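Below you will find one chain, with nothing else, as structure tokens; this is the form predicted alone, and questions on how it binds or moves follow later.
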Amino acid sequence: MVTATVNKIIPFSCVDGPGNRTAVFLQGCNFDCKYCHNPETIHSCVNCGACVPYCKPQALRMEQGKVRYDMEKCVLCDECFHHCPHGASPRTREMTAEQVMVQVRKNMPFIRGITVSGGECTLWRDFLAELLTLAKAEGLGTLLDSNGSHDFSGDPGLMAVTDGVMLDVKAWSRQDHLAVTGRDNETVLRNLCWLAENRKLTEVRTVIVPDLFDCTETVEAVSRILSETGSTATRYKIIRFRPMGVREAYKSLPAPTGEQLSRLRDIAESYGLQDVVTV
């Protein structure tokens, strides 16, 4: 039976794709973005127990060498994240696709669909395919929120049950992408083109961090691809870096000014993009 490590399930979300959706966040990521706003989703808990003494409501306990999590006691204070030496979260559950759907069905008929995010959701490819198949059978829309490291063009089975992908383009040049994430972006850029050409691209997002990478080059190149593929109606979300939730070592990264964001929006719109959002 295929399972995945689920970080959290948000019953109703209006920011994880069009309409009201249930958002499922899976644990684990193969990128290590310096500006990551959810760094506790990158690594898996190693059951060291360092977080347990800091959990005042006693939602965490050690049992047979493993950290056990009690959702009913948790007050979401995040102290466990702050005291984890491995940058992980103990607040996770191993779930099957059907167990996740039990939670999703509680929100019907008030949702338009589900969005699966992370971490990086495609690290759990077989679980994803099963979950999205179940969701489609219920008449729900299906979206993936991805860093683009999975080759979507080579996975027709997954794409058959995926309505669209919300794709992060962290930086355009390989050198910049390595500096931001620790990984190259060959597959990301190939996915950008393929998803756009095959009408599977729901949204593109770039977090703007001046001086960390060439933001102008990235926005201009993404906008050009969207224009050339006839995807000018695809939403391009240009996101201001904010230090909230970021690891201490990267809190001093520079945030863009309103003027810089406006200039980037103008560049995107100059390529005919019809839905450019700066947030």
Partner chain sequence: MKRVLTPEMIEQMRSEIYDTLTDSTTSHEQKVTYLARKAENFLTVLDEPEGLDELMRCDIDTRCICNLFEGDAPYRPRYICIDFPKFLREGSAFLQLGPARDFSEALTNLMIMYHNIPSITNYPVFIGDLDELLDPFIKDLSDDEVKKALRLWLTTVDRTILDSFCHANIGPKASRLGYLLLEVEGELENAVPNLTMRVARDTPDEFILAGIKCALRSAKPSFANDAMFRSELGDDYCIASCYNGLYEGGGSYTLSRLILSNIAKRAKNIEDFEKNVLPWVMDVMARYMDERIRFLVEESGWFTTSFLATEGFVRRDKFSAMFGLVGLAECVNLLLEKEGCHERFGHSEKANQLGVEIMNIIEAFNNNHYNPYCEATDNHFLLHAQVGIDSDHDCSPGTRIPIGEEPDELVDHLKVINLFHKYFPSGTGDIFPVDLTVHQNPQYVLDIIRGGLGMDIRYLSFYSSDSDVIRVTGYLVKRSEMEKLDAGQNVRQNTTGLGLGAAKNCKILDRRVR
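Residue numbers count along the first chain shown, from 1. Keep in mind it's a predicted model, so treat the numbers as computed, not measured.
Below, we turn to the form predicted in complex with the partner chain, even though it does not appear here.
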Subject >> Option from 157-165, 125-133, 85-93, 103-111 whose residues, in the predicted bound form, bring a heavy atom within 4.5 Å of the partner chain >> reply: 103-111
Original post:
Should the three residues Ser13, Gly17 and Val277 be counted as contacting the partner chain in the predicted bound form, with contact defined as a heavy atom within 4.5 Å for each?
Top reply: yes
Original post:
Looking at Arg235, His37, Arg61, Arg240, which is the one with a non-hydrogen atom within 4.5 Å of the partner chain in the predicted bound form?
Top reply: Arg235
